[in-house]
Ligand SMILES: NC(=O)c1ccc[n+]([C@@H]2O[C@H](COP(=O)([O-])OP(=O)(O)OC[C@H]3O[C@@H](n4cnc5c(N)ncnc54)[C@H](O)[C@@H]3O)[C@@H](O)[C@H]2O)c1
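Take a look at this one chain, the form predicted alone, written out in structure tokens.
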């Protein structure tokens, strides 16, 4: 049995991942805003620090796996998107790295397959992944209009995927692995209340593995990818962005890999 720490493990992809791990007999400590083993608002520095302190208190001998899954969708305010989708994952992963090192563990971070689409603003990606000054960045993004939240979302996830790739070698020399899963459209509480028009827009390009069906991927399919990357079966995989999107990325970018 291994010790897993997951953020955002109460609903959606996080819940599916947590249940799969528990069914395998692992201990899973869930940090979430609601329904977690430890309740925290990870969009704030205070919330993150409280969660980090609690993990150190509970597991002084180390943890095997960290899964940074907490995040919000493209309808959230820009400051919330950047704070939770990027900074929360980065800060928590780096802070818990010493506990992972004690057990030569690994980290899996939830990104998005939107990291390759046209809504990504590379200037925002550079701002996040090169500057990484949360206070200054959140002050800047508060003036971004709500009409551009889709770009905020995809850019935050692109920056997160870039960060995983960049730091993977330095983690590896400490005996650690870090990878990311990039889900496509998935049935979660965030998407279950979509109107028919919103669903049609989201499926304008049909998901190859769902061709002919008006439906998204299941959360369990994404969870399977996360659990695989976290497992010893993926011991040779480091710095990878694994697209679990039913083949959408391959369809749109068949010449890039």
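Remember, predicted model here, so these are calculated numbers, not experimental data. Residue numbers count along the first chain shown, from 1.
As for the form predicted in complex with this ligand, it is not shown, yet the points below apply to it.
S.K.: So, a 4.5 angstroms cut-off on heavy atom distances: do all three of 8, 34 and 186 pass it with respect to this ligand in the predicted complex?
M.R.: Yes, because 8, 34 and 186 each have a heavy atom that approaches this ligand to within 4.5 Å in the predicted complex.
S.K.: Using a 4.5 Å heavy atom cut-off, which stretch among 165 to 173, 109 to 117, 136 to 144, 93 to 101 contacts this ligand in the predicted complex?
M.R.: In short, 109 to 117.
S.K.: Can you work out which of 51, 70, 223, 65 has a heavy atom no more than 4.5 Å from this ligand in the predicted complex?
M.R.: Exactly one residue meets the criterion: 70.
S.K.: Just to be sure I understand the contacts: of 159, 178, 84, 152, which is the one whose heavy atoms reach within 4.5 angstroms of this ligand in the predicted complex?
M.R.: Spelling it out, the residue with a heavy atom inside the cut-off is 84.
S.K.: Residue 230: heavy atom within 4.5 Å of this ligand in the predicted complex?
M.R.: Output for residue 230 is no: heavy atoms all beyond 4.5 Å of this ligand.
S.K.: Although the partner isn't part of this model, could you tell me whether residue 41 comes within 4.5 Å of this ligand in the predicted complex, counting any heavy atom of the residue?
M.R.: Answer yes; at least one heavy atom of residue 41 falls within 4.5 Å of this ligand in the predicted complex.
S.K.: Is there a heavy atom of residue 209 no more than 4.5 Å from a heavy atom of this ligand in the predicted complex?
M.R.: No, residue 209 is distant from the partner.
S.K.: Considering non-hydrogen atoms and a 4.5 Å limit, does this ligand approach residue 191 in the predicted complex?
M.R.: Yes, residue 191 lies within 4.5 Å of this ligand in the predicted complex.
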